[in-house]
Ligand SMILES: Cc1cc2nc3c(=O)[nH]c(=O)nc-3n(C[C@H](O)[C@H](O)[C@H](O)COP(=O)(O)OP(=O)(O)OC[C@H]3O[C@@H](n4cnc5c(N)ncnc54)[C@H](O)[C@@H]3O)c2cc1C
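Here's a solo chain for you in structure tokens, the form predicted on its own.
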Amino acid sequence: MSDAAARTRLATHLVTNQPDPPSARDLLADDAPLCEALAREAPAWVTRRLAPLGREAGSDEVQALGEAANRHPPELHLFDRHGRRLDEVRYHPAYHALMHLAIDHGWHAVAWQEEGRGGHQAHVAALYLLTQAEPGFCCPITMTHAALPTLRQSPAAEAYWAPGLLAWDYDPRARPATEKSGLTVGMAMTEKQGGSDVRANSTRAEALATNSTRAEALATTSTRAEALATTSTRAVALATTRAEPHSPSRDDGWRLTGHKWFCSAPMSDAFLTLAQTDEGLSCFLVPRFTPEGERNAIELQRLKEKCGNRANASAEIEYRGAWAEGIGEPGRGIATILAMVQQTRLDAATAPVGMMRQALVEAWRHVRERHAFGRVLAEQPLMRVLLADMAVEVEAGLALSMRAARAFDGAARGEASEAALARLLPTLAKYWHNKRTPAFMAEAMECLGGIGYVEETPLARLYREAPVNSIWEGSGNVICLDLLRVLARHPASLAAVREEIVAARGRQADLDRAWNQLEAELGAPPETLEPRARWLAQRLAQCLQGALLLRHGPPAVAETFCRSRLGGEAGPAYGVLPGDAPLVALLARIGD
């Protein structure tokens, strides 16, 4: 082949009109809405502590870890080479590296170690950043974080487990809890026949003969558990607590028999679960190893092959007389575990906002460097409207998530109005943020065109990931029914939301009209409200988002949000804004 022919052949492979390869970013410093929300909602120490995480999560190395963890899902190993049962899940090294990133810096524990002082804002903001590295591994981070409020209902269990759960040490080894400094917790609630209707669970718990001694242990260790809850030096607490005479033993507790349809993070050191007793559905903690250090009778049946969330393992499991410790009052298992669910729902409301932010930045980077029809894509009018609208959605979601986190810290300080908000906001945010995410991901993929649909970009895995938080911890209908229950049983929660919205009254006509209509609807009888529950959840979330933005956000964002979501031109699709929307101001807030 001649030199000229060779040059001609190679010329067809020149890469032109494509964006440069992605480079490292500071996920905190580059995110103006997040920085503003932290300055508004959280103490100054939160931003200082988050700064290294923002740089590390946006680094080339951590972004590559997220891709690898998703591309190489966990594998189930039931037996060793000699036929002994292992019941273990093995993860790619990238997964373990991401777990170290979160746990070794205390992001699973910060809400409790700084409770009432900004700890919940720190946790939620950290989850928002960690999600942009890889959403799947955040599941065990969330559950370990969320387990403590449920364990607090059994002081002996809290005293034994809390030091390890709060330790800044990720230890993935399958070892008894007494041999590890850092511990994680998973969850196994649902069963085939019931799903979200956990009252239909058939797993049975049988009390052991000496189980009555646990009541004495609870009384004896309650004072010690309270002291541990306020101690940040967990290594000392770990060594002393597990030496207590009331540490779990074979003769205490319960034996569980039954099948669980979904067990999240099946390599955790313990699992919160529900089972039937003579008193009714009750809550239990099932450790991976018995108090004597033997493998507990928890058999993994299979790993679920999921649409997304591939870095995280979800398993079917069988309890074959597994040893368990009762948590909370027998017969009140749902109420007991809801203390955990309330925390996980806030995380499930925050993760989609982090995913939307990641997708928005990816799309914005692409359209600013790609030309089509004689102009840079970012200069095309329709593209500008679309991305500005998507940017507004991220800001609204972030405002609501951070306000909910502040309510959690206020509740920890004993503030009644904040406690009322904390009861309602996670439900609202989880429902609405997750309803907005799948379409958001589809629009981001369209911004990139064909390359957005392939695995080399993060958008394909984000698109697969988008539905999971809507399903986890209660699908849309379940969440909306929970909303109606909260409104009926806790009128103070609606009153607290009303105060937030009324504080913005008179600033924007579309919000005023939308809230007046909503108030009128909320007065209807229950049989009328239930078929309208989805509309009520959507409208209440949007009114609250609009009020928060009007009170605290940039005027350009607040006005555009209210007109495009609550006004006469509001529609279901992204990319529909008023003709005079301040696009330059909105797009500038995405960042470089």
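In this text, all values refer to a predicted model and were calculated from it rather than measured experimentally. The first residue of the sequence shown is number 1, and the count goes up from there.
Here the subject shifts to the form predicted in complex with the named molecule, a form of this protein not shown in this document.
- [ ] Find the only residue in Leu459, Ala322, Ala188, Leu398 having a heavy atom within 4.5 Å of the named molecule in the predicted complex.
- [x] The option sitting close enough to the partner is Ala188.
Task: Candidate from Arg505, Lys306, Arg152, His371 lying within 4.5 Å of the named molecule in the predicted complex - any heavy atom - done: Only one listed residue qualifies here, and that residue is Lys306.
Open item on the list: I'd like to know whether Ser264 contacts the named molecule in the predicted complex, with contact meaning heavy atoms within 4.5 angstroms.
Closed with: Answer yes; at least one heavy atom of Ser264 falls within 4.5 Å of the named molecule in the predicted complex.
Task: Close approach of Tyr463 to the named molecule in the predicted complex, 4.5 Å, heavy atom - done: No, Tyr463 stays farther than 4.5 Å from the named molecule in the predicted complex.
Task: Partner contact for Ser475 in the predicted complex: the named molecule, 4.5 angstroms, heavy atom - done: Looking in the predicted complex, residue contacts with the named molecule include Ser475, since a heavy atom lies within 4.5 Å.
Open item on the list: Is Leu76 part of the interface with the named molecule in the predicted complex - any heavy atom within 4.5 Å?
Closed with: Flag for Leu76 set to no.
TODO: Quick one: find which of 405-413, 256-264, 289-297, 162-170 has residues within 4.5 Å of the named molecule in the predicted complex by heavy atom distance.
DONE: So the stretch in question is 256-264.
Task: All of Ser314, Val468 and Ile471 with a heavy atom within 4.5 Å of the named molecule in the predicted complex - done: Yes: each residue has a heavy atom within 4.5 Å of the partner.
Task: Heavy atom contacts to the named molecule in the predicted complex at 4.5 Å, residues of 142-169 in sequence order - done: The stretch 142-169, when checked against the named molecule in the predicted complex, contributes only Met143 at the 4.5 Å heavy-atom cut-off.
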